[in-house]
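First, one chain by itself: the form predicted on its own, in structure tokens.
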């Protein structure tokens, strides 16, 4: 009887902790959503209750003032292309590190793993100097050939391709590490059988390694998609053209002159939050299977 009581007490305590953490997670989202429909005077008076009048115009104003039609498109482009690039190159590199051994494998793999120790903030200044200097160097070369002015050349600084390459590079260390450890668990006999049948390494990659790496690819996507979507620091210093900026930089506008208009500010935050919520809801099953599968295989 006492054992049964202790089991029920343990389950009750576990459910209490789960419910508590769920409320702590869900409440801020609900609070933000509710207050995004309030006028600023009403919010200043009552920060917790439901709005007396649900003001949808907050979203219309936030969308227009933030230029979200352009910025969301940029964020989608940066996120999708960068995530696919990280997944492809990480699995390709992981295949090489895990299954194609030579003397250079160890040092090169170590250089990728070393990237795990570097934070984004520590790379901001070096990346900015590197990007600007490379553009300046190539621009000077074209100027010497009479093709264009040196200051008119921009391949990496203030370009979409430059940001995508930076996002791919910054996401590769963790992705390469995960993919390498996952691909190590794929039996060597499959690769040896394919080699005996005359398949080259790229055929093995496309027909065996890449299809079998779907679980770890999902894990890498789960890690990188939110990071790229919400990234703020790098794009803020690498991109100066408003038409090339991403959604978080559009939301930043509401922290200045619009900081007192809480309705539009909260609406802008909801707009920035919704795509990631929809991403998790739409791919919930695939994310769960991919993460659990990657964890088991790795």
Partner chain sequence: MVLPLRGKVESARAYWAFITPAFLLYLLVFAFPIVLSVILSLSNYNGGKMFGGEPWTIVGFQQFQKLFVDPNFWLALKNNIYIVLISVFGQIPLGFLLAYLIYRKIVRWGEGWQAILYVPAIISVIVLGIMWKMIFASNGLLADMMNSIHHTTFLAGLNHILQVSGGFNITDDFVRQLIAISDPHAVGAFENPVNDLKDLIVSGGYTAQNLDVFRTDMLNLLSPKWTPEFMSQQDVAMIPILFVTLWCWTGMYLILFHANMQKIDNQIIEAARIDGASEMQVLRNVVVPNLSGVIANAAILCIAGSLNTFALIWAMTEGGPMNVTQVLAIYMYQKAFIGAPDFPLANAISLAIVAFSFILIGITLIIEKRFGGRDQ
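Numbering follows the first chain given and starts at 1. Superpose the two forms; the largest set of C-alphas matching within 1.5 Å is the rigid core. Computed from a predicted model, the values in this text were never measured in an experiment.
What comes next is about the form predicted together with the partner chain, which is not displayed.
The partner chain is not shown here, and in the predicted bound form it never comes within 4.5 Å of any heavy atom of residue 52.
Of the heavy atoms in residue 217, none are within 4.5 Å of the partner chain in the predicted bound form. Put simply, residue 101 is close to the partner chain in the predicted bound form: some heavy atom of it is within 4.5 Å. Taking non-hydrogen atoms only, residue 84 never approaches the partner chain to within 4.5 angstroms in the predicted bound form. Although the partner chain is not shown here, in the predicted bound form the stretch 52 to 85 places no heavy atom of any residue within 4.5 Å of it. Once the cores line up, the CA of residue 43 ends up 2 angstroms or more apart between this form and the one not shown.
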